[in-house]
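Next comes just one chain, in C-alpha cells: the form predicted alone.
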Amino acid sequence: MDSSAAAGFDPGVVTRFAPSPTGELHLGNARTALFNYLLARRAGGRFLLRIEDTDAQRSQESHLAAVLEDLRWLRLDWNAGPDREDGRGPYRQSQRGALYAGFSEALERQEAVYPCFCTPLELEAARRAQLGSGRPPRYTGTCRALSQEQRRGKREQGLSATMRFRVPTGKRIEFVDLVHGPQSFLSDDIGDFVIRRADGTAAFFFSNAIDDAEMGVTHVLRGEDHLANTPRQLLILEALGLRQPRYGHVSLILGADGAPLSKRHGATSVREYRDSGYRAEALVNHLFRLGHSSGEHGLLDLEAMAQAFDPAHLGRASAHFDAQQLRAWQKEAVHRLPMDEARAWLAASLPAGLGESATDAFVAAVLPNVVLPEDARPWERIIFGPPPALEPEGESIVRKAGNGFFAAAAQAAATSGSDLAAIASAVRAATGKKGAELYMPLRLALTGRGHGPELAPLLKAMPAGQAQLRLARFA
C-alpha cells in the first residue's frame, strides 16, 4: 500500500462548507466548517466554500461579508469559493439557476418529477389531518397522477406549481454514515418532495445535492438535523446518475443545561466572541473537542488539529458547550501571545499616547492575569490613574504596618525607582518584616488591591515617581 494512503493522505478528498447568508455565523456552523476544513487538510485535499443564497428575501450581502470575515478570523481558508473561482463554480447558488433548470428538465424527461398545484393552505390542512390521526406528515400524492389535461386546466386557472420528485415505492435507501454507521430508510416513509419552488428557484434538497456532485465534493460533514434529508438527496443523485458523496452527520451543540444552544446561554455567534476579545485559536480548540474525541490535550494549531482529526472519533451524543472550558483555552492562548500580538490585543485597554516601552511594560505586567481585554482595564486605571483608595480591611493592614515601614519604602523608591527588590530590602532592614507582612502592605499601598498580577512587573509599568508618591502617603 502507498505510504501516503496508509497515513490517510488522499488528495482526492473534497469537502465543503455551505452557509446561507441570512444571519451571523453561529457556533454550530463554525464547528461544521472547522470539521470539514480539518478533514480536507488531513487528507491533503480541498476545502470549498459555497454560498447557499437562493432565499432572496433573507439573504443579504452584509451577512455574506460577515461570514467571510469570521471564517478568515478563524483561519479556515478555502481553496475555492465566491471570491476564488476554479472552473467548478460559480460558488453562489443564486448564480447557478441555469444549471439547476437543466437538471430539473432532465428529471422531467424521465418523468421522475411532476408539477404540484396544492396550495400552502391545502398542504397544511393535510398535514394537520395526518398528525391528528397519529400518522407522520408527508405529501399525500394529490397531484402525482394528474393527467396532462388536468395539469393544463389548473394552469389555465392561474394556479402556480412547484415541482415534486416522484419517490419510488417499496424502495430501501441505504448508506453508511461517517458518524452514525449504517442507515436504512424506506421510500414509502418519505413522501414526494419539492425540488423546485413555485417561483422557479431550486429547493434545498435539489440544489444542495446537485452542487455537491458538480463541484466534486466527496465528503459532507453536517449537522445531524440533516440526516433525514440524505435519502432524498441520494434519490436525486441516483436518478441523475451523479456521484454521491459520503455523508457524516455531526451531533448538535447544546448548552450546559442540555437545551439547544441559544441566546439565554450567552453568546452564540463567532462575531460576539471575536468582539469580546476571544482568540480564534481558543475558540477553534474548544470547537474541535465538541463532539470529537482526541488524545491531544494541549492547545493545537490548525495543522496539528488536522493531523489529530478523525471522523471515526466523532461522537453520536450531543456535545455540550462549556463556557468555562472555553475560558481555559482562552487563558492558555493569551499566555502564549508574542508581545506584538498581545500589544494589539490589549490596544483598547491602553491610555492614549503611551510610548512603546511603557506599553510593553504594562502588557508584560498584566498579561499573565487577564483572560479578556476587559480584564486589563481596571489595571490600566490602577497603574496610570490617581493613587487608588483602600477598602477598610486594606486600610487596616496598611496602618498596622506603620509610618516607619512606609518611610523606608518611599525613601528606597526615591533612589531605586521601580525596583521592588530594593524597596523590599530597605523595608526589611528597617522593620524586620518579611513574607506577607512585608509584601501585602506594599501591594495594598501601591495598587489598592490585595491580589492581582505580580507586584514587580506592576511597579515597572508605573510612570516614574508614581511608586514613591503612593508609598509616601502612609509614611
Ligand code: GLU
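These numbers come from a predicted model, not from an experiment. Note that residue numbering follows the sequence shown and begins at 1.
From this point on, the text means the form predicted together with the named molecule, which you will not see here.
- Under a 4.5 angstroms non-hydrogen atom cutoff, the named molecule in the model of the complex has S20 among its neighbouring residues.
- The named molecule is not drawn, but in the model of the complex it has no heavy atom within 4.5 Å of R399.
- Using a 4.5 Å cutoff between non-hydrogen atoms, R243 does not count as a contact of the named molecule in the model of the complex.
- Among heavy atoms of E52, some come within 4.5 Å of the named molecule in the model of the complex.
- Residues placing heavy atoms within 4.5 Å of the named molecule in the model of the complex fall in a single listed stretch, namely 203-211, out of 387-395, 123-131, 203-211, 306-314.
- For the options H320, R166, H226, R72, the one in contact with the named molecule in the model of the complex, meaning a heavy atom within 4.5 Å, is H226.
- Though the named molecule is absent from this view, in the model of the complex it lies within 4.5 Å of a heavy atom of just one residue from R222, R274, R96, H292, which is R222.
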